[in-house]
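In structure tokens, one chain follows: the form predicted alone.
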Amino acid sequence: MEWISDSNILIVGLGLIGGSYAKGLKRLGYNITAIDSDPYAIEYALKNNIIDDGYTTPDEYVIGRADAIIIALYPEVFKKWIADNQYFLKSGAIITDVTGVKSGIVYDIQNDLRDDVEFISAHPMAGKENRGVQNSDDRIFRDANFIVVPTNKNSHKAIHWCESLAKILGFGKISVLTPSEHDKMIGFVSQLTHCIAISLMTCSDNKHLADYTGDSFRDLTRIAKINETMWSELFLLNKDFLTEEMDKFIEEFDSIKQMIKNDDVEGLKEKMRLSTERRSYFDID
């Protein structure tokens, strides 16, 4: 399927990311239908012209007319949705997702999916701490990173289609990783950082910290306002890679702790110089 203006796009799961996809694609002129079990989400999206049509339960006709389906559900719910509804899909339809882990999801879905329908996995590296379609905003995609996660079951056409989706939504850097490469990377840059933010907020019960803190603490803990249902599922699905990264972090943190205890000024300065150098890789001109 090509990204042509008369394509029917179905978005399943109308939260922050699903809603942001809907806004971006609707703005570009695509016909957007959504399915979400929350009546408020559908009502809000219709009232605010985020979607053209919406349903709170899967509908055979709605699913069957979709040229492309974007799944924005929690991983296990995603797998069940495909199992329950794949036989309604149009032959030749293409499916993509926004799921935060891949190895425990992609292969199961591809193995169970009909041969005349293709699932190409992806991960938009964008978001914010507030959930729900009412907080959706396709501007979060502009110049953000986007990862396409194919397997040997994916066609070059589907990979190109997924890359084109990222481009029309305004993403900047588009990368291609295997499911394993993706999950190892995400264990460090996303899941570990969320674990650190959670730990910072749970290691002290001082309710007056907000009266004293500066921007650095607020910046470090922004992502501690967390969707506990989704993130606990993501952590457990990726626990091998995540705990490996946690072990390396603890080792590094303990190294800095020992330098402080031992008054190792030069060791601390060297760590800080290395930190400054590596952080500069992330700076955008």
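Sequential numbering from 1, following the sequence displayed. What you are looking at is a predicted structure, and each value in this text was computed from that prediction instead of being measured. Just so we're on the same page, rigid core means the largest C-alpha set that superposes within 1.5 Å between forms.
There is another form of the same protein, the form predicted in complex with another copy of the chain; it is not shown, and what comes next is about it.
Visitor: May I ask whether Lys47, Thr57 and Arg65 each come within 4.5 Å of another copy of the chain in the predicted bound form, counting any non-hydrogen atom?
Guide: Negative, none of the three is within 4.5 Å.
Visitor: Please identify, from 106 to 114, 167 to 175, 149 to 157, 86 to 94, the stretch that has a heavy atom within 4.5 Å of another copy of the chain in the predicted bound form.
Guide: So the stretch in question is 167 to 175.
Visitor: Please tell me whether any heavy atom belonging to Thr243 falls inside 4.5 Å of a heavy atom of another copy of the chain, as the geometry stands in the predicted bound form.
Guide: Thr243: yes, in contact with another copy of the chain in the predicted bound form.
Visitor: Should Arg27 be classed as touching another copy of the chain in the predicted bound form when contacts are defined as heavy atoms within 4.5 Å?
Guide: It does not: once another copy of the chain is placed as it appears in the predicted bound form, Arg27 has no heavy atom within 4.5 Å of it.
Visitor: Quick one: is Ile42 in contact with another copy of the chain in the predicted bound form, heavy atoms, 4.5 Å cut-off?
Guide: Outside the cut-off, so no.
Visitor: Do Val77 and another copy of the chain come within 4.5 Å of each other in the predicted bound form, heavy atoms counted?
Guide: No, Val77 stays farther than 4.5 Å from another copy of the chain in the predicted bound form.
Visitor: Give, in sequence order, every residue of 248 to 262 that has a heavy atom within 4.5 Å of another copy of the chain in the predicted bound form, or say none if there are no such residues.
Guide: Heavy-atom contacts to another copy of the chain in the predicted bound form: Lys248, Phe249, Ile250, Glu252, Phe253, Asp254, Ile256, Lys257, Met259, Ile260, Lys261.
Visitor: Align both forms on the core first, then report whether Ala68 has a C-alpha shift of 2 Å or more between the shown form and the other one.
Guide: The answer is no; the displacement is under 2 Å.
Visitor: With both forms fitted on the core, give yes or no for whether the Cα of Leu28 moves by 2 angstroms or more between the shown form and the other one.
Guide: The answer is no; the displacement is under 2 Å.
Visitor: Is the shift of Ala224 between the shown form and the other one large enough to count as movement, that is, does its C-alpha move by 2 Å or more after the core is superposed?
Guide: The answer is no, as the C-alpha of Ala224 shifts between the shown form and the other one by less than 2 Å after core alignment.
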